[in-house]
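Presented below, as structure tokens, is a lone chain in the form predicted on its own.
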């Protein structure tokens, strides 16, 4: 196993909102190949409850983009400086993305306990992340965004999503163009890891 290449994909998979080739189609067979990989992700009780809705129709992309803009502006306007230039670039060009992939799950989150909710989302979000990694490995950028969920009911009506299906992550995708993806500046493992007891560092054991 080539761990160096695997580690490079894991370290450099970032949300890509700009430096995308908006004119180049992402072939359907490539999307489906990535979904085949994504569905190898862990899932609770082996339910395979994930569903992937791929949106390429220009009119539907435009309608989704309008809902997305409304949700983004409702969040950004009351907060001075909210919304980075990259986030606003995505809002402006969402309708131009070659494809949008809406990751859904059959059923609804129980809402009654943390354990049940973690189990519900933990059975679909790993597949969404695996999909993003598989796309990255093929030179396709994606953005992990949940802004559309503000208008989940409207998007469900637009896309024919039935009752009892939960929308999770939207992945706008396109081949990268001159994008330089590097590891992010994150805290080290020694800063975010505890051993045997909350707050205890490894060298304190």
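Positions refer to the first chain, counted from 1. Given the structure is predicted, the values throughout are model-derived calculations rather than measurements.
Form predicted in complex with a small molecule: not shown, discussed below.
- The candidate spot formed by 30, 138 and 176 is out of contact with the small molecule in the predicted bound form: none of the three has a heavy atom within 4.5 Å.
- With the small molecule omitted here, the record of contacts in the predicted bound form names 141 to 149 of 156 to 164, 141 to 149, 38 to 46, 51 to 59, defined by a heavy atom within 4.5 Å.
- In the predicted bound form, no heavy atom of residue 187 sits within 4.5 Å of the small molecule.
- Using a 4.5 angstroms limit between non-hydrogen atoms, residue 193 is distant from the small molecule in the predicted bound form.
- For residue 87, a non-hydrogen atom is located within 4.5 Å of the small molecule in the predicted bound form, even though that partner is not displayed.
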